[in-house]
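To begin, one chain is listed below as structure tokens, in the form predicted alone.
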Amino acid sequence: MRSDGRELREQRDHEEKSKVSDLALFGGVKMFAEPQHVGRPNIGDRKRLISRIEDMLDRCWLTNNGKYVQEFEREVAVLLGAKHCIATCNGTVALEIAIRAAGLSGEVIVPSFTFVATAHALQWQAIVPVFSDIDPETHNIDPAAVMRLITPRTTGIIGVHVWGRPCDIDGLTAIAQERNLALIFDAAHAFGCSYKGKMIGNFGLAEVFSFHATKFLNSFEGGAVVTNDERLAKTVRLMTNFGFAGYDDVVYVGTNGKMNEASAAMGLTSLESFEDFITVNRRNYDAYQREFADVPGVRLIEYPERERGNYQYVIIEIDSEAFRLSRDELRQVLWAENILVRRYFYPGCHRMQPYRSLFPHAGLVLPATEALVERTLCLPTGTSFGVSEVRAICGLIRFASEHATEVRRRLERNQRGGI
């Protein structure tokens, strides 16, 4: 049972603001005593995890394709209905290996609206990432924009399932087949999601997942390449272990991309709570949806009801004209209250190094991307986050909009060094 002190603190944390001077940004008490992060880890059954780790230590088998890695790979493949899952140390290495195993070179088309690792996985291997614009409604790569970027140097396309909402797989597949291009998907957000009733993990030459601690299903740190292509699966497995085909037989150039046993133990423990995690995410998402229904200028992204989803990301777009504050002004208000929202994927890969130096004019063909990166905010959710916290955050956002004129006046005065 919680102590009275804990109860009083939580009441204080969630207390509504009655006037602008109550905002922490202007000297008021923070709404939350502790930082509310985006992507706080889901832990699952601790006893099951500790039991697996103790067994791992008792057997003195910590890595190199141990019992738990093999089990994790089997369970993931079964869940997704795919033939092969090769677990890796993280999602970025998984993407790098999949790119190399697919034989990509020259130029590969990717969205700029993605985590920078998608582009880095190419650039790291001296492959040029060619940045494509997105569909402003879905936030995913636009096949029509992809078509305009194909050159004789293009060898592939990497589609990204942003927020776990599948990109236009059929459109990209048709382009890849017509132009004889390799098609890979960065599915870091999309574990447990489906496209036209079929689980993500079964499309393109391969799909790459991340099980980083911030993902709704985590293995501490980890990733996987999932594919139905026998040849590719064999190549990827060789590449994750230095190219070894036996104890003394190296048959391929590889790297050390293996998942270790502790990570696999966490992955299996997370899989056991897979449906529970989704249920909590969906509960929080529905609460956000209800609370934002009457807030002008706030658009909550929607998930397709006919598909399976993980509801891992709660993303809003801020229309500064209707909301009367910009996205970044709202972010200042929220951060001061210990609500550490994120500007995913600001400012876009094309405006990060080395890409902004290599392609200084890329933004000219990315109008939808350039507009979107100024509007999006990612809000907290997950098993450490409840409906009362959702209501508190949404109430604060509503308050900021209702008092936008005074909030902006105070912000401007603060910037000038006024009191």
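Not measured: the values here are computed from a predicted model. Quick note: we count residues from 1 along the sequence shown, nothing fancier.
Although it is not shown, the form predicted together with a small molecule is what the next lines describe.
Engineer: Though the small molecule is not shown, can you say which of R237, H84, R327, H189 has a heavy atom within 4.5 Å of it in the model of the complex?
Structural biologist: Of the candidates R237, H84, R327, H189, H189 is the one lying within 4.5 Å of the small molecule in the model of the complex.
Engineer: Quick check on this chain: which one of H37, K67, R356, R48 has a heavy atom within 4.5 Å of the small molecule in the model of the complex?
Structural biologist: For this set of options, the contacting one is H37.
Engineer: Okay, which stretch from 262 to 270, 284 to 292, 207 to 215, 98 to 106 lines the small molecule in the model of the complex, with non-hydrogen atoms inside 4.5 Å?
Structural biologist: In short, 207 to 215.
Engineer: Would you classify L80 as touching the small molecule in the model of the complex, given a 4.5 Å non-hydrogen atom cut-off?
Structural biologist: L80: no contact with the small molecule in the model of the complex.
Engineer: Quick one: does M147 come within 4.5 Å of the small molecule in the model of the complex, counting heavy atoms only?
Structural biologist: M147 lies outside the contact set for the small molecule.
Engineer: At the 4.5 Å heavy atom threshold, is G222 in contact with the small molecule in the model of the complex?
Structural biologist: Judged by the heavy-atom cut-off of 4.5 Å, G222 is in contact with the small molecule in the model of the complex.
Engineer: Would you please decide whether F345 lies within 4.5 angstroms of the small molecule in the model of the complex, comparing each non-hydrogen atom pair?
Structural biologist: So F345 counts as contacting the small molecule.
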